[in-house]
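What follows is one chain in structure tokens, specifically the form predicted on its own.
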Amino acid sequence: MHLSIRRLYKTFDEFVALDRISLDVGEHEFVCLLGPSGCGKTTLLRIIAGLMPFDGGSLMLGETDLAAMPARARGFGIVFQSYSLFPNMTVAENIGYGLKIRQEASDAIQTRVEALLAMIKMPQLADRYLHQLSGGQQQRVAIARALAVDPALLLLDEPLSALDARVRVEMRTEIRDVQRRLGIPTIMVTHDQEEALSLADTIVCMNQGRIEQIGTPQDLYLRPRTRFVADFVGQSNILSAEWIAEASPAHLEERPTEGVHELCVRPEEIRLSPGGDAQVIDVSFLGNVTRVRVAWRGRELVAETPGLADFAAGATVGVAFGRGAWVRA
């Protein structure tokens, strides 16, 4: 079964939170809803979960109309930012809670909980309470609890935002591994572009209640269709056609004929060489890359080079452009 959303509409008083959203989620697909705060991504997730009604459009899971189906009957697994675990229960009791509510047999619950504890690499922590766990371990428990009931769809609402940077990276890998292994269609809300790029099969980039672009991570990064996507996903240099005409006229020959007037050039597509008519503003060493800001022909550009770049603030450099993507304003 796959999830099908057609022209979904939601307002709060006179504020349009979701404006005719259409989206499909495939049978084993990992989809990230990406966008800034207030863009509608959490509202959309809550509507899919059955925690909020919508005003118009359709929401289908296979042949089942979800519009009038209560959240409990949908059989979805949900993991919130706050985890929503029970502090008075052990790890095992938290994981098995949904199965207990369904009145599953005790032996079946124990077998399922043990399998999930092994999957999240916490078999030895079954009898611990939440205050005895790290944030990352609590997140693993929340995910295991959501998976215990064999959900038709897994919904993740910014599940990693409360974790520190290193644990977040580790948890990304674990979430993706679990999702691939079980093949459960998954929708995850995030405002973190790196998270979306590393996890998703499909990214849905949202802005002001609308979908700006749907595509693979490669599509959104290398072929952004709008200025918003080009600016929001990754570092970018967004250059007007008028400026390009003077600085790099060869790019104008590649411009589509209608509706585009700006070129998005990613920092790694700007190549610097010693000497030339550009001046280095500053240099930032980021470990795997060095980010260099340069002033050139009235514009400030951002370039990135692998490793440690042999440039210093104030140096003069030559600038050459690689591939760029034309975008709509």
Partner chain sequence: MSTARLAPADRLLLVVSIGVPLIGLALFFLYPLGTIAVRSLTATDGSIGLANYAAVLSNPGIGAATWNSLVLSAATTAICLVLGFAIAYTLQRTRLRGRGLVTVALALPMLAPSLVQGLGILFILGRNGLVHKWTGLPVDAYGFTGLLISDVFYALPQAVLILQAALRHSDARYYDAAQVMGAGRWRQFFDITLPNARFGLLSAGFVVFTVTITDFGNAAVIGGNFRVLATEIYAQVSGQMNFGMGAVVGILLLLPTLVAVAIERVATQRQFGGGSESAIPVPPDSVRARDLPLGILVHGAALSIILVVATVVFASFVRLWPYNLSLTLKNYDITIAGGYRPLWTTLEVSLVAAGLGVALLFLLAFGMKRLPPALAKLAYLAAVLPVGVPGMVLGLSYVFAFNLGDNLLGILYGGSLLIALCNFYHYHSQGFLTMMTGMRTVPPALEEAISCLGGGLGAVLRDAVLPFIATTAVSVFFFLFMRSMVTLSAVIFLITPRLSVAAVSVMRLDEAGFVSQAAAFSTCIIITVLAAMMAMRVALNWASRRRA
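Positions refer to the first chain, counted from 1. Fair warning: this is a prediction, and the values are worked out from it, not measured in the lab.
Note that the form predicted together with the partner chain isn't included here; everything after this is about it.
- [ ] Sort through 280, 60, 49, 302 and report the residue having a heavy atom within 4.5 Å of the partner chain in the predicted bound form.
- [x] By the 4.5 Å heavy-atom cutoff, the listed residue in contact is 49.
Task: Residue among 56, 36, 274, 70 with a heavy atom within 4.5 Å of the partner chain in the predicted bound form - done: After the contact test, the surviving option is 70.
Open item on the list: Taking the partner chain in the predicted bound form, would 102, 131 and 149 all count as contacting it (heavy atom within 4.5 Å)?
Closed with: All of them do, each having a heavy atom within 4.5 Å of the partner.
- [ ] Sort through 195-203, 216-224, 90-98, 238-246 and report the only stretch with a non-hydrogen atom within 4.5 Å of the partner chain in the predicted bound form.
- [x] Only one stretch passes the 4.5 Å heavy-atom test: 90-98.
TODO: Would you please decide whether residue 140 lies within 4.5 angstroms of the partner chain in the predicted bound form, comparing each non-hydrogen atom pair?
DONE: No, no contact at 4.5 Å.
- [ ] Answer for residue 208 alone: is it within 4.5 Å of the partner chain in the predicted bound form, judged on heavy atom distances?
- [x] Contact check for residue 208: no, nothing within 4.5 Å of the partner chain in the predicted bound form.
Open item on the list: Check residue 78 for me: does it contact the partner chain in the predicted bound form (non-hydrogen atoms, 4.5 angstroms)?
Closed with: Contact with the partner chain, yes.
Open item on the list: I'd like to know if residue 119 sits close to the partner chain in the predicted bound form, meaning any non-hydrogen atom pair within 4.5 angstroms.
Closed with: Although the partner chain is absent here, residue 119 would stay clear of it in the predicted bound form, with no heavy atoms inside 4.5 Å.
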